[in-house]
Ligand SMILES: Cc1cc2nc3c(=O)[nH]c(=O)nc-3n(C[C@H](O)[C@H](O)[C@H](O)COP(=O)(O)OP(=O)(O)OC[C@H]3O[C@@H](n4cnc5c(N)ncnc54)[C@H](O)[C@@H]3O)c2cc1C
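The chain below stands alone and is given in structure tokens; this is the form predicted on its own.
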């Protein structure tokens, strides 16, 4: 029979792998499950702020990250450019972390593999398995049901961490339908990689124009003449306008300021779409009897920038702390695990609320983008949020 673990982590992305690493470092028996083997692609804008890198350093990953940079898997950033609806531009400089950490464009194929490997190095066990649902007995989550090699298995643990992304099977089973994200707190995005484009060395670009507000298009360089490009838009307005993301990307690439930089027309590949859930919707439960949700499964995306990696890592570290203490005391009740939910709210809510208010203001009054970029420049709240909440 499968032994009972201390913790099962569902999803080995940044949040799940980081939580597994912290708990394994503390001596916990951790089983990390993911439906795919690593390395694997994950649809994302790939920008990682220095705050997230600092947190990974704190988990003991500095050497691994510097090695990935030497392998040219992580592309360091120095500057950011915001372009407004009328073509006004502001350029701002990224600040290094207190330990000298850079911000990066780090394709998830590489970033996630580095963090997942660190979890294994810390002592977590990994298995490829597609989790279908949590096992609930007498109102308590006691494990998960998963498919492995075509067979169904049950894996049991004292606590289950749902870190399986925006389409989380754990969240779907535990959150009532009337307590899920509404469309005004969700977004839809498209990402592609492009070759043969003139990039700005070590500088990422955001384009905020009327046809896409409240959203933006981006060019994030991954190397010389290579970039992650894409666009994202709030889901309710995307559906109301009945637009097509692929057509919107073509329109963005046809903009004169972008088109002139395409070499031989540019070559896009690995085009994919995904949805995001913002952390700006109140009163969503992320702690249950025997389980917690972290990262994108909890819905912790910044509503202005669409960035979620840093918030995911913060939630992972906070959840691991509470779960370790709960294991010590043998108390896995919702009331005890709710300490994580409270700590996460205290750490993230102020920023989420400020970003959502600014996002809503830009939707109602598009001229504010021009005002903030042209007159306030690098000192505007808009610029500061984009710098810190990639």
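Positions refer to the first chain, counted from 1. In this text, all values refer to a predicted model and were calculated from it rather than measured experimentally.
Although it is not shown, the form predicted in complex with the ligand is what the next lines describe.
*asked:* Does any part of residue 83 reach within 4.5 Å of the ligand in the model of the complex? Heavy atoms only, please.
replied: No, no contact at 4.5 Å.
_4.5 angstroms heavy atom contact with the ligand in the model of the complex for residue 143_ = Residue 143: no, not in contact with the ligand in the model of the complex.
*Applying a 4.5 Å heavy atom distance criterion, does residue 319 contact the ligand in the model of the complex?*
Residue 319: no contact with the ligand in the model of the complex.
*Close approach of residue 237 to the ligand in the model of the complex, 4.5 Å, heavy atom*: Residue 237: no, not in contact with the ligand in the model of the complex.
*So which of 218, 252, 155, 193 gets a non-hydrogen atom within 4.5 Å of the ligand in the model of the complex?*
That would be 218.
*Selected contact from 336, 35, 354, 62, since only one has a non-hydrogen atom within 4.5 angstroms of the ligand in the model of the complex*: Checking each option against the ligand in the model of the complex, the one that comes within 4.5 Å is 35.
*All three of 113, 227 and 271 touching the ligand in the model of the complex at 4.5 Å, heavy atom to heavy atom?*
No, none of the three is in contact.
_At 4.5 Å between heavy atoms, only one of the stretches 86-94, 284-292, 122-130, 260-268 reaches the ligand in the model of the complex; which one is it?_
After filtering at 4.5 Å, what remains is 122-130.
*Check each residue of 255-270 against the ligand in the model of the complex and list those with a heavy atom within 4.5 Å, in sequence order.*
Going through 255-270 in order - heavy atoms within 4.5 Å of the ligand in the model of the complex - there are no hits.
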